[in-house]
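Take a look at this one chain, the form predicted alone, written out in structure tokens.
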């Protein structure tokens, strides 16, 4: 077995570990729903008793507990979930998967004799590694373990799709034999990782905002685990913060790409499809940050801008690289 074979085996192992982590995180969400339902069942009788003393003829009506959340920025849900073994197992499996994933990435690079992000397969391998890495680093600052299901699920899907792009180790073409390959593509991958985390937070924010807006009855709520998660305002603030970091890295990616283009092709900008889509992504996120900071675009509108921005990132990677011809056709397929 050579290093590339080891890399492939390690990546499959990491994929399996992430899938197991996804299952563990999903069990945690199910446990949260159960705890919320039990809390509702415990409170409903007392609520009915209180209402029966003042409702007169309405005493026979069925009362149910409703979720009551603070509306201020950063407000937290009232229902607090207990720590569960499944949550700890999910985090442990994610860390173990990251270590194995890192080994797969490093051995691919050693086998190729270069950085392991010169084609779509390698970019997907490195990009998903950084998504998990950013998630684990952010966990040391913010308790976002509730995002484990969404993050590991996204990585499992992307890694699964990456096998469609698999190519054998090959030497770099002349245009890629530059130090800018190390900087430009790595920073783009890092920016994508932060934007992916912002995307996950925005998706949860939309669901949470709908719950808060409709004020659904807790006992009838299908996704009861939402009552244990941060409020929509808090989720929006977190998404905004990580998206700003991703936007900074993406801005550097755009600038570094222009400098590299001048060195390789003699011009800073040539309206190549990849260049155009990189700029479109930059404009979407610039609009998202500007609109939220100066125009008061908060709540659902800001969340949708974040989601649209990440959809453009995925389009740039999965569609432009494969189906559009241009100077950036380095997929290796």
Partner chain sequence: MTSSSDSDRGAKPQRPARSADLRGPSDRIDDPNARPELDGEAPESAARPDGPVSPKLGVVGSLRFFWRQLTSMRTAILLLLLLAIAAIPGSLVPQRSSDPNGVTQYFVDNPDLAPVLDKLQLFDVYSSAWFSAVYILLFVSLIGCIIPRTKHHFDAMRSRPPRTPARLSRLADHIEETYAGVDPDTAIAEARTLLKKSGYRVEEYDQRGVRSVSAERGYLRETGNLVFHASLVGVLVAVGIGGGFGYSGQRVVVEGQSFVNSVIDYDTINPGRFFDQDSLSPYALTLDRFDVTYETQNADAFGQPIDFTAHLTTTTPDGDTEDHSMKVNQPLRFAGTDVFLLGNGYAPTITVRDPEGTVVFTDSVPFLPQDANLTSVGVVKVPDGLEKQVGLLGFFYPTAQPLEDGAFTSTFPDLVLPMLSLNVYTGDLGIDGGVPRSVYTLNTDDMTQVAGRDSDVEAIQLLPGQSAELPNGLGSIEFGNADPDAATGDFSNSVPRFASLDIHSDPSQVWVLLFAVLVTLGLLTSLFVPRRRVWIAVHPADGPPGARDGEGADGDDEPTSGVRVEYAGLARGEDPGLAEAVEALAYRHGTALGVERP
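Numbering follows the first chain given and starts at 1. Here the structure is a predicted model, which is why all the values come from computation and not from measurement.
Absent from the display: the form predicted together with its partner chain. The rest refers to it.
182, 110, 139, 244: which sits within 4.5 Å of its partner chain in the predicted complex by any heavy atom?
Selected residue: 244.
Within 4.5 Å of its partner chain in the predicted complex, heavy atoms considered, which of 92, 99, 106, 255?
Selected option: 255.
Within 4.5 Å of its partner chain in the predicted complex, counting heavy atoms only, one of 144-152, 193-201, 128-136, 171-179 shows up; tell me which.
Only one stretch qualifies here: 171-179.
So in the predicted complex, is its partner chain close enough to residue 264 to count as touching (4.5 Å, heavy atoms)?
Yes, residue 264 lies within 4.5 Å of its partner chain in the predicted complex.
Answer for residue 30 alone: is it within 4.5 Å of its partner chain in the predicted complex, judged on heavy atom distances?
Flag for residue 30 set to no.
Answer with yes or no whether residue 284 is in contact with its partner chain in the predicted complex, where contact means some heavy atom within 4.5 Å.
Yes, contact at 4.5 Å.
Taking its partner chain as it sits in the predicted complex, is residue 273 in contact with it (heavy atom to heavy atom, 4.5 Å or less)?
Because a heavy atom of residue 273 falls inside 4.5 Å of its partner chain in the predicted complex, the answer is yes.
If you apply a 4.5 angstroms heavy atom cut-off, which residues in 278-292 are near its partner chain in the predicted complex?
279, 280, 282, 283, 284, 286, 287, 289, 290, 291, 292 sit within 4.5 Å of the partner.
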